[in-house]
Ligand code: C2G
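Only one chain is shown below, in structure tokens, and it's the form predicted on its own.
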Amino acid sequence: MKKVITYGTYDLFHEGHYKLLKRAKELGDYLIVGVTTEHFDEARGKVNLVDPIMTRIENVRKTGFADEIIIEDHEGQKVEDIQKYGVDVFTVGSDWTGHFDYLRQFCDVVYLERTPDISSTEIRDGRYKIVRIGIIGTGRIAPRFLSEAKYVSGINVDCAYNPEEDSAKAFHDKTDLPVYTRDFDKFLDMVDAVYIASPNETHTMYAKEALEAGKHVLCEKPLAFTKLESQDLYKLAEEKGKVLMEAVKTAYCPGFTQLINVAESGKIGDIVDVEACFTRLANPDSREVVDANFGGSFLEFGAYVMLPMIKLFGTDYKNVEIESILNEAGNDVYTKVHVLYDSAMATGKVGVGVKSEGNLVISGTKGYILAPSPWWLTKYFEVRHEDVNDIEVYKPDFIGDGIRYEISEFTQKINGVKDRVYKLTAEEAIAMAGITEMFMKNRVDLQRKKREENAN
């Protein structure tokens, strides 16, 4: 008897799960299916689970493909099960290709090709829809999104779009996803929602077209270069009854939410100052360094440093001052933004050609919060007081690179699970777009002055 084993969460059971189990059964004579517990899924970074484990087990049982169903509840169990049950073949979907190669010393390992075009109408108990999402843009962040999305229950990445054929082909060859290069409307017809990861200057255009077509939108920052453009997009989303989210991933990380809650609890008294820094030495040939119109440090990282000041002090800032150092191409390699409120102030520092200490410091009348680099992932922060020995340490849960948390938030909003928006509101995003608009104007003025100086 040839024994086959496979594992999965099987949340929101759909056609893709059914077909995968059917093909797993065809690999042998006896199929063992491991269904993961909620606790184990959370430990390995799975988010947004909807169905309880007994529902998931029953859905697997009803397919008729499983000869035996077991529970997976701890790391290392796969090796134990393979040896315990005398398994000949281990199999999972191709989105995990290479991840389980270490099991080849115990049995054959087979990665089954993904099932495209999972039905968007699949609803569990009438309350949760499997969201088909398409990626616009196939650059460096698109593979990260695809990798993180597999940890989010209730969403399926179906296809991608990129008018640049070489990039589109490379992405297809790497991921096996269908990639559209010409017919944008056809691409939109294939999905319920889009994730926009295209060049900065195309974000507003793609977001508007997708919303007008009745699609939900998760867009990389900056969503827009002006306050009015941002207002128009959020208004359009409201009119269409669709979710619009700007993908400032820090806003959706559990640790950042906890940090803001601690700051606002009164633990450090009245908050009077925020200092945030995010710098990286980018490749000299990268878009961030060479694109003087839509690249640079502020458009790359400005949303991150604006986020804590807007969350803590609000959208009614009184004055904004921006200082930038430009490279020879006229691009900002280092920028400081100073934001003044009635009774508080904030400073943000960003750089793609200058390196600095990437801390977040929130200062109050009774103490301060220190979140060391990389604070934008918020894996660790401290509350410190006048007594140097009085330090409270926080180590929030954080798995992956943070993208899965914004995907989870997006998916839940689409399904109406989280109707109240608080992690990044439209008003906060619009206020940040207002500062971005000031930066764009300031950089153009600096570029003009630099040209005039060089001419003289």
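Every value quoted in this text rests on a predicted model; they were computed, and no experiment measured them. For every residue, the number given is its place in the sequence shown, counted from 1.
Beyond what is shown, the protein has a form predicted together with the named molecule; the following relates to that form.
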Task: Listed range touching the named molecule, judged in the predicted bound form by heavy atoms within 4.5 Å, from 185-193, 93-101, 304-312, 135-143 - done: 93-101
Open item on the list: Can you work out whether Phe40 and the named molecule are in contact in the predicted bound form, taking contact to mean some heavy atom pair no more than 4.5 Å apart?
Closed with: yes
Task: Touches the named molecule in the predicted bound form: Thr204 (any heavy atom, 4.5 Å) - done: no
TODO: Tell me, yes or no, whether Lys423 is in contact with the named molecule in the predicted bound form, where a contact means a heavy atom of each within 4.5 Å.
DONE: no
- [ ] Consider Phe439 of the chain shown here, and say whether it contacts the named molecule in the predicted bound form, taking contact as heavy atoms within 4.5 Å.
- [x] no
- [ ] Only one of Asn162, Asn200, Asn156, Thr279 comes within 4.5 Å of the named molecule in the predicted bound form by heavy atoms, so just point that one out.
- [x] Asn156
TODO: Just give me the residues of 45-67, first to last, that have a heavy atom within 4.5 Å of the named molecule in the predicted bound form.
DONE: Lys46
